[in-house]
Every structure is written in structure tokens, then in C-alpha cells.
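Only one chain is included here, represented as C-alpha cells and corresponding to the form predicted on its own.
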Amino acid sequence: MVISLKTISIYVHIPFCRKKCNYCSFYSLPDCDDGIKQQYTDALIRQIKAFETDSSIKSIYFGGGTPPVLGVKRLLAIFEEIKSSFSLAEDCEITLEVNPRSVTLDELIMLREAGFNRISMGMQSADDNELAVLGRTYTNAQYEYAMRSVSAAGFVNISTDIIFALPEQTKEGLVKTLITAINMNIPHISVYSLSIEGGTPFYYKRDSLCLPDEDTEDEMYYLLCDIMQKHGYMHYEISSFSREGYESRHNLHYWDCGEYIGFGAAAHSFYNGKRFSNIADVGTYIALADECFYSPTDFNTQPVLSDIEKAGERIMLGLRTSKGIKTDDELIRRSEKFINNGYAVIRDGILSLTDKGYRISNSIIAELLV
């Protein structure tokens, strides 16, 4: 028997949630009944069964939506199908996104015993007024209780998400949120600036939102970078900080241009040289998921990436992380002005962005790709 050394990752999209947040542009559906959830679970299992690979599974990520809203027993059924269908690496990272109040201690224990080994908990803010503005349905006290439950269930590898540059947010408010997460000894913290996306409640009232100006947002960004690093967190990825050994393997696999398979409505894949996605509609996905993995996808209409496109992606994705990218004479020449202005550094033949460079990474990458 030949054992494949190739590794891929798996993403499972659970598009159900209790309530859409005011900033959320992800494909998700609030208040769906159990009938739809069961049909969706069955469709997911069909698509999982239809995919064949001899590759080892490096990481699995259940995202959403809010995956526990599907029902923990259904999540476990999907996970069991993945375990029976594929060969999981011994150190496979298996992440589940949850929100406060979406899962109980008993359910967390069930998930841990089944093999989930990483939890990503939505925080966003430690200020109850800011949480209400965002449309979150919990208080900071409930968040802290939920995080204690995660630890009590035996999870050590834990991540949380924070959003900054919120309406009427002050630098003091941001510091309070960061210190709350740090004091809970959470080893992985992702921090995103608020983005006003089309179709969201925030978008329709964008003119009335009192958002920090660009200078204040920059000050917030540099403040949070300083606080995180002073408390022992590495800025290893453009929006994420971690203690040593707690970097997200799943995300790093993406940024290393690794192949991954997406199961579920709106899930994306990169496989066999193509980037493709499942249809972003639960009903149609349920109808199309059958004995052919590709049935709910646009695989057949997507082009195979050219060598030039692959090279561009290596730059675009590689510069998202502190690992950076290998340089050559031409890349060094094009990077010179960014290095001289403190946006990038070259060490041992590797180009990477600084905190300052991450802030304008899109502009830097656009120039490097010319």
C-alpha cells in the first residue's frame, strides 16, 4: 500500500444562525426550522461521501453562520462521516466556530470527546453597548462564562475574534476588550477592523454611523499591535496574533497555497489546480448534492490557474503571514521602497511585511504583482 504524503484541509460551512449581526455579509440564514437543518445535514454527508482522496487531512474547520445552531448531534454525525471517509493526520487540527449562548458545557464536552480540539469563540467586544450596536445577542459576562465552559470541557487550543474601529468606539474601549481577552489566557486572538459591506444593516445606515476617522483607526491599529506583542503574542498573520505553538494551522494552509475542499452551501475549494465554490443557496445545494462531489459546484466553469496566476497567489497569500515569501533580484528591486519606508523587511532571503506594512498590504501587493 502506497501512503500519500500529500495533505489537504477541509472546510465545512454551516450557514445557520439565530440572528444576523449588523455587519455580517457571510452567507447565513437565521431562524431555520429543524426540517431544513436535517435536510442540509443529509446533503452535507452525501457530498462528503462523494469526495474521494488518498491525501491526509491536515485540518478541518467548521464555520458559519454559527455551527452549533445546526444541532450538536448533527455536527457530530457530519464529523463522524469525515472521520470514516478520510485519513486524518495524527495532529489534525479540528476547529469549531461557536458563539456565547450557542453551546452548553455538556455539548462542549461531547464535542471534545468526539475529537474536536480547537474552539473559535466570537467575542467582538467586551463592551455591552458596543455588542448591542453590532447586533450581538449576548453580554460580556455571558461571553466570559462561555469561555470558562470551553476550558472546563477540556479545550486548550482556543481562539477568539475581536472587531475594532466600531461606531463611537474609543481607544480606551478597545484596550478594555483586548485586555479582557488577554486576561482570560486565550492563546489565539484575531483582530479585524470593521468593514461596511453591501447588503448589511450597517451598509444601509452607513451615513449615520459615527465611525472613527482614518487617523484614529490607524492609532487603534498600532495600539493593539503594541499591546498584543507586549503580552507575548506574535503577529504571525495579517489579522491574527498567537502565543507560540497556537497559530491556526488551517489558515496557514490557505496562505501556503495548500489545497482544501469546501463542503456545504457557499463553501470554497482549491483543488486540482482550480478555485471553485458550492452554490450559495441552501435549497439548491440540498437538491444538487448527490453521488457526484462536484454537482453543487461551479468546478466545470472555472479555469485551471496558470503558472503566472499561481506565482501571483504565492505573493498575495504569502505576504499575509510573518513567514513571508522567497525573494529574487526582481522582487527585491520592486520591494526596495517599501523596505526603506519600514513597510517590509528581508531576512535570510525572505520578504515579509511589518505591522506598518500589513496596514497597507493591498497596495503593496498590487505593486509587487505589476
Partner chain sequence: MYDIKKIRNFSIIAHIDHGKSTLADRLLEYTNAVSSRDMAEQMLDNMDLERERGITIKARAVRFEYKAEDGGIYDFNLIDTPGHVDFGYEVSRSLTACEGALLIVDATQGIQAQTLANAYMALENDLEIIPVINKIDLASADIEMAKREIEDIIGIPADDAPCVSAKHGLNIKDVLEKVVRDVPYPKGDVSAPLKALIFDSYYDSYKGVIVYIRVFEGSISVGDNIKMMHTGAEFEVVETGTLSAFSTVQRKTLYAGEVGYFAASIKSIVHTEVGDTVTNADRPTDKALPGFKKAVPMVFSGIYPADGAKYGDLKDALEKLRLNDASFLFEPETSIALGFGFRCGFLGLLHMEVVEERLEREFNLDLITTAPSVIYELTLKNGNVIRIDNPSNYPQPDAIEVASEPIVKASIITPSGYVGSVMELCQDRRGLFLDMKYIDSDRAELHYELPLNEIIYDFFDALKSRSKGYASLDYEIIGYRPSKLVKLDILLNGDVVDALSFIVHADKCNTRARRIVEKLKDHIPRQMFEIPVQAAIGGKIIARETVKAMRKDVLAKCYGGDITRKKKLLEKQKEGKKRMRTLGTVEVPQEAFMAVLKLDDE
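Predicted, not measured: the structure shown is a model, and the values here were computed from it. Positions refer to the first chain, counted from 1.
Keep in mind that the form predicted in complex with the partner chain is missing from the display, and what follows is about it.
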Heavy atom within 4.5 Å of the partner chain in the predicted bound form - residue from Glu336, Asp328, Asp34, Glu309: Glu309
Heavy atom within 4.5 Å of the partner chain in the predicted bound form - the one residue of Tyr233, Tyr143, Phe116, Tyr260 that qualifies: Tyr260
Heavy atom of Val72 within 4.5 Å of the partner chain in the predicted bound form: no
Exercise: Tyr358 in contact with the partner chain in the predicted bound form, heavy atom 4.5 Å: yes
The partner chain contact in the predicted bound form: Glu247, any heavy atom under 4.5 Å: no
Partner contact for Asp218 in the predicted bound form: the partner chain, 4.5 angstroms, heavy atom: yes
All of Glu214, Tyr343 and Ser363 with a heavy atom within 4.5 Å of the partner chain in the predicted bound form: yes
Listed range touching the partner chain, judged in the predicted bound form by heavy atoms within 4.5 Å, from 235-243, 145-153, 203-211, 81-89: 235-243
Stretch 253-272: residues contacting the partner chain in the predicted bound form, 4.5 Å heavy atom cut-off: Tyr254, Trp255, Tyr260, His268
